[in-house]
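Given next, in structure tokens, is a single chain: the form predicted on its own.
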């Protein structure tokens, strides 16, 4: 049964000497939604002075250790670590952080050197297109020329084609290789023309590649030397990484315990900003689920509080007179619980609202099954939902699981299995059931009328919920005179019976019928606001002038009439999707017959396409019907979620 957990306004008071223990106990319980006492309590508009959190620095160092080592820190049992030892823990963390930082710095240096060596090797390999053995010039002699400037680099193909235009210049380009659209080689120019040559090269977007001074000998010697240097650096890198793994691995258990202890104390200390501290005493305020009150009180009878001053916990119910907005915690059954994600999309219930999850879950599942009825495709949805919901732990998967079952049920009634409408005919014939399967294409009128009928029933249920909610809150105007109240329900049903009654054998009409069941409810809706004031004991009064009142309420009642019509006709789309599903699958089967030997492939691809496209569209359309046609009649939303304070061990401090 869906409901909203009753919240108790809670005040926790005690000596400042046990504040940290109190906050830690609250966080560990996972039961208490904390409010800002410094802002909430009367005369306490000042903010508590923000103190620097002493646990931030060691936690940052732990985060650095985790980052440089690649080892993720996890929650661990730290009950045996006393609060007084956090100073020694911080010192040990600082020493370990210094060691890991030193190793990490060495790793970075080796990696940088490796990258540089590999880059030089790649540059050298472009000379002569990689046939370095055919070259016997010495790099040192080449770059040591006093009267000739030498540049090594590459041109793009476009720039290379422009070189003939500079044939009259005093530089030459000696090409030694081509790779990925670039031409590699040496530029030789007289020393006196070096500056002009560099300007020309810049205009041609020549990309210079610097060959390090330590490259000696000919190309073959240089390549061999570089490969040896790379191998040596790779060994050094592996050694440093092994040193890091050994350093952190040796302390992994302690690091997890230190992290858990410091993180709990850090998050607890952060809560101090919401605590009111005056005269050596503290006050914490917030909300507690009524069902958890006993368990919460037991927390402050534990060993941590036995030898200290007692901590008092006082609770009371929140009334309409309180200037408080309790958080919302929904209680739902196993079937409807996954659908809370849709309620969250619209907004949690506000004060006086109902929990719409069960009604939404049932109606959503029902409408989806009607619109997407296919035994085979529903089974695929069921399997997908089980995989996503139970293996991948995705909440939407648990919804898809339920929708798959609904689709299978209605697919059985329609006789549709992966689009084949005749597969179940022999089954029903053998059972002697003549009215099944229900062929949707052959009963278009019935499908559309049934869709409208389902819409009418759901709208009436939404109105009934609104009436019950209004009566429970003693909001007589909402329950009796609103367009979704008793007057609106009577008007809606009476108008439908008058319009559709003759076609279904229910006579409805006549002067008395129109006056009492149509005109009178419409008049009550027209006078909704003054009648509501009358019920509140404030007398029958009209805001503003009579002319403005008549004009505004006339158009409001006209909007009500349009709303009844559009809300009802919106459910025609339910029937429309029933027919479109059958139509799309008939197209798939027709294409498969035309495909010959490829028929099975066409059927599989067609079913995948229909399940993906139409399944998504149906899911969105059903959600639209819920939000616009049903929620708007009985549900307000706008509540704030119940978020109990807790220690977040998944969040690192950086």
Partner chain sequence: MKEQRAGRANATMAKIRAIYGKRLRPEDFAQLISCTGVGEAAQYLKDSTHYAKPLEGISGENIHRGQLESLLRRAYYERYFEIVSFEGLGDVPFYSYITRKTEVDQILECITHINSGVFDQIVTLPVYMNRHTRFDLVALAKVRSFDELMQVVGKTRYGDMLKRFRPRDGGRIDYPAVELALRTDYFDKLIHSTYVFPDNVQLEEFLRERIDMINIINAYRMKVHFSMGGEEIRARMIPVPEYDSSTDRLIQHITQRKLDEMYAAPDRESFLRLLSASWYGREMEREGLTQMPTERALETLQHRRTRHAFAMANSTPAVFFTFNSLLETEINNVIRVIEGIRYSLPVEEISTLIID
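Positions refer to the first chain, counted from 1. On a predicted model such as this, the values are computed, not experimentally measured, just so you know.
In what follows, reference is made to the form predicted together with the partner chain, a form of this protein that is not presented.
Using a 4.5 Å cutoff between non-hydrogen atoms, residue 156 counts as a contact of the partner chain in the model of the complex. Although the partner is absent here, residue 195 lies well away from the partner chain in the model of the complex, with no heavy atom inside 4.5 Å. The partner chain in the model of the complex comes within 4.5 Å of no heavy atom belonging to residue 87. Using a 4.5 angstroms threshold between heavy atoms, residue 205 counts as touching the partner chain in the model of the complex.
Stretch 148-156 is the answer when you ask which of 381-389, 570-578, 148-156, 94-102 has residues with heavy atoms within 4.5 Å of the partner chain in the model of the complex.
The partner is absent here; in the model of the complex, the one residue of 161, 112, 298, 228 having a heavy atom within 4.5 Å of the partner chain is 161.
Though the partner chain is absent from this view, in the model of the complex it lies within 4.5 Å of a heavy atom of just one residue from 182, 449, 513, 420, which is 182.
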